[in-house]
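Given next, in structure tokens, is a single chain: the form predicted on its own.
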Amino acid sequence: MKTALASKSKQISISPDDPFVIIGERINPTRRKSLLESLAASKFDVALEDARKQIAAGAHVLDVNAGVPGGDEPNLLAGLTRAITSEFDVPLCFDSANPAALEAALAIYEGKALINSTTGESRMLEVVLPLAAKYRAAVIGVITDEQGIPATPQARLGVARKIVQRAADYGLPEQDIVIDCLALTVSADSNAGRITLDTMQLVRQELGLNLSLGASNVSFGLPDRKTINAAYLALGIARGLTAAITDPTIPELAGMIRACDLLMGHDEYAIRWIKAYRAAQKAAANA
């Protein structure tokens, strides 16, 4: 099953048969003071530099969040969308819990976007799914619902089924639903990582859907987060994970993903691996 995304002239396919898709997470003002201050002033220079760096580091899609406290999010997200698409040809993932902001961005976007996200809660499904259908967007479905976060892989699978079934009611095909199996921090629950990994495998086996993950959540509160996040992504890829919202400018993560693509047969003749290695060697020599 392939989930297709597109910018004005570039297409990206999320599937187990394609290279792993990196959704760059950095255009998000949460805990990023410089970006927050620039967006609050309706300036997009910091966001554009983040876009440039992430694309150069290998991001296939950019997650875009304009959630500034007290700000006019619909206007900000629309303005940020215009600024990015005028400079870069890359599919976008609109990250907002504000329906008006989502619609403002989707209405001006030329391509097929990804919406981040809906849960399995009826109130969320009834807002996000009609927008996805109207603008022919794909949607990340986070498998939590009115009862909270399911404790077992089987219960999380049930929420994934609900999201797919409700999407079908609005005319959204199952290939346009990307499931987030919900990474929780292992510092609070040592079994949290394993439950999510088992859920990934179950959703892939039972529903065949593509999977995304906000991978950095797993290491929250722990030292050496880069190593934990890289290991978690590798374990997820082995269980069917096809995309992740992460920071491609972190060398440990980008290198691990390239290695997984190579070992999964998604890098013919190791061309991308060798190219990246040579580029890194050249950069080190010129430093």
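This is a predicted model, so every value here is computed, not measured. Numbering starts at 1 and follows the sequence shown.
Same protein, other form: the form predicted together with another copy of the chain, not shown, and the subject of what follows.
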* Please run the contact check for Val186 against another copy of the chain in the predicted bound form: heavy atoms, 4.5 angstroms, yes or no? => yes
* Asked: Taking 4.5 angstroms as the cut-off for heavy atoms, does Gln175 touch another copy of the chain in the predicted bound form?
  -> no
* Asked: Does Thr227 reach another copy of the chain in the predicted bound form if we count a contact as any heavy atom within 4.5 Å?
  -> yes
* Asked: Given that the partner is absent here, does Gln201 sit within 4.5 Å of another copy of the chain in the predicted bound form, heavy atoms only?
  -> yes
* Would you check whether another copy of the chain, in the predicted bound form, lies within 4.5 angstroms of a non-hydrogen atom from each of Asp72, Ala78 and Leu125? => no
* Asked: Of these, 193-201, 153-161, 138-146, 110-118, which stretch puts a heavy atom within 4.5 angstroms of another copy of the chain in the predicted bound form?
  -> 193-201
* Residues of stretch 228-257 in contact with another copy of the chain in the predicted bound form (4.5 Å, non-hydrogen atom) -> Ile228, Ala231, Tyr232, Ala234, Leu235, Ile237, Ala238, Arg239, Gly255, Met256
